[in-house]
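In the block that follows, a single chain appears as structure tokens, in the form predicted alone.
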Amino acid sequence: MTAQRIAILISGNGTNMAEIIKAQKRGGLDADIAIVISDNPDAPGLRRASGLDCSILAVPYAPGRTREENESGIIQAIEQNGVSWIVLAGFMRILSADFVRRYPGRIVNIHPSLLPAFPGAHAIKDAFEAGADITGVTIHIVDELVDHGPVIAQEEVPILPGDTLDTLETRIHAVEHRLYPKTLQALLSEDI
């Protein structure tokens, strides 16, 4: 069976993307990483992906254009590369309903909280400032709502006495880096 082709969408540093690529290279993820796409042409993750021998593409979002217009370059790259799965790894844009409907059940996202708690772009900070005892990591299928959709995997991360926002972020990222490749492998091999 041929490995499924995936596109990874990023906006920033791409640390989760890098862990996915490393897992694939060491045989822990049976997938063909077709392309890494960023809405940010200056994203450090693009350099990181290139350094890991992945094809990269920047598709900058232009002010004054609709979400659908901005997504057209991403769709074109996905179609040209024969991608089956779209993996969001720190992609900081909300996908349009049209985009999500085009790839139903084929877009995966990671979020740094135990959804439905603390959705949004500042989930770690929001959980920390709310005085929560536990937060965590969620991997889910993307639907038309923000930080919503069927949960594939979750793992708790306790907020410890003496934690700072930085120490909490470090522990959450460690869980993300381990859990995302493992969960993608289970998903792509249909173990989930």
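Numbering starts at 1 and runs along the sequence shown. The structure presented is a predicted model; accordingly, all values stated were derived computationally and were not measured.
The following text describes the form predicted together with glycinamide ribonucleotide, which does not appear among the structures shown.
Visitor: Given that the partner is absent here, does Pro181 sit within 4.5 Å of glycinamide ribonucleotide in the predicted bound form, heavy atoms only?
Guide: Although glycinamide ribonucleotide is absent here, Pro181 would stay clear of it in the predicted bound form, with no heavy atoms inside 4.5 Å.
Visitor: May I ask you to state whether Asn13 is within 4.5 Å of glycinamide ribonucleotide in the predicted bound form, using heavy atom distances?
Guide: Asn13: yes, in contact with glycinamide ribonucleotide in the predicted bound form.
Visitor: Verify the contact flag for Gly82: yes if a non-hydrogen atom of it lies within 4.5 Å of a non-hydrogen atom of glycinamide ribonucleotide in the predicted bound form, no if not.
Guide: Answer no; every heavy atom of Gly82 is more than 4.5 Å from glycinamide ribonucleotide in the predicted bound form.
Visitor: If we define contact as a non-hydrogen atom of the residue within 4.5 angstroms of the partner, is Asp39 a contact of glycinamide ribonucleotide in the predicted bound form?
Guide: No, Asp39 sits far enough from glycinamide ribonucleotide in the predicted bound form that none of its heavy atoms falls within 4.5 Å.
Visitor: Heavy atom within 4.5 Å of glycinamide ribonucleotide in the predicted bound form: which residues of 79 to 99 qualify?
Guide: Heavy-atom contacts to glycinamide ribonucleotide in the predicted bound form: Ala89, Gly90, Met92.
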